[in-house]
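One chain comes next, on its own, written as structure tokens: the form predicted on its own.
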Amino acid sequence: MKTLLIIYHSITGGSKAMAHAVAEGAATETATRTLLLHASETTADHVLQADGYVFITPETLGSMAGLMKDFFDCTYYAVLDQINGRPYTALVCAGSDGQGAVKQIQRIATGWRLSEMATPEIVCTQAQTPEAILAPKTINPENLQRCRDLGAAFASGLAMGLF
């Protein structure tokens, strides 16, 4: 059985809601095991034992969140050259454009020699004031459905051996 590892960090709830939606979608594929972990709980062993990855982070100051970066810092060299070719995708909950966070994840994935299985998803909340940035986030139903669909497609693709 293949394992899809969903790794996330959330500050105001948006990325967490997206991660749970991806996991819900992935759970519809019974031939794939889905593992949803917060970035602070994820170890190199989790990464090594998985067959595919979904990285989900908020955009903070134009970059991925610090705890997501910490996950990569703590696992990068421990798995280097052992996960080559495995599929991944990234999702970003952004206040503006999310491109900085996406580019950081793509650079790390390139170093790990992962294969991008889907274009990164950016959900833009338009939070631009300090109050809006710090407020709890609610992701609209259409964006949550896109996250579910991505999870289902990724899990099905793993189960069928497409990637």
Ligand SMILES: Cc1cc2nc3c(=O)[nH]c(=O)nc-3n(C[C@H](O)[C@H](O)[C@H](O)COP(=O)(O)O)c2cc1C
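Worth saying up front: this structure is predicted, and the values here are computed from it rather than measured. Throughout, we count residues from 1 along the sequence that is shown.
The next section is about a form of this same protein that is not shown, the form predicted together with this ligand.
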Looking at 133 to 141, 111 to 119, 22 to 30, 35 to 43, which stretch has residues with any non-hydrogen atom within 4.5 Å of this ligand in the model of the complex?
133 to 141
Do all of G52, G85 and Q106 end up near this ligand in the model of the complex, with near meaning a heavy atom within 4.5 Å?
no
Going by a heavy atom distance of 4.5 Å, is L61 a contact of this ligand in the model of the complex?
yes
When the contact criterion is heavy atoms within 4.5 Å, does V47 count as touching this ligand in the model of the complex?
no
Although this ligand is absent from this view, report whether A152 comes within 4.5 Å of it in the model of the complex, heavy atoms only.
no
With the cut-off set at 4.5 Å between non-hydrogen atoms, does V102 touch this ligand in the model of the complex?
no
Would you give me the residues of 94 to 132 that have any heavy atom within 4.5 Å of this ligand in the model of the complex, in order from first to last?
A94, G95, S96, D97, G98, T125, A127
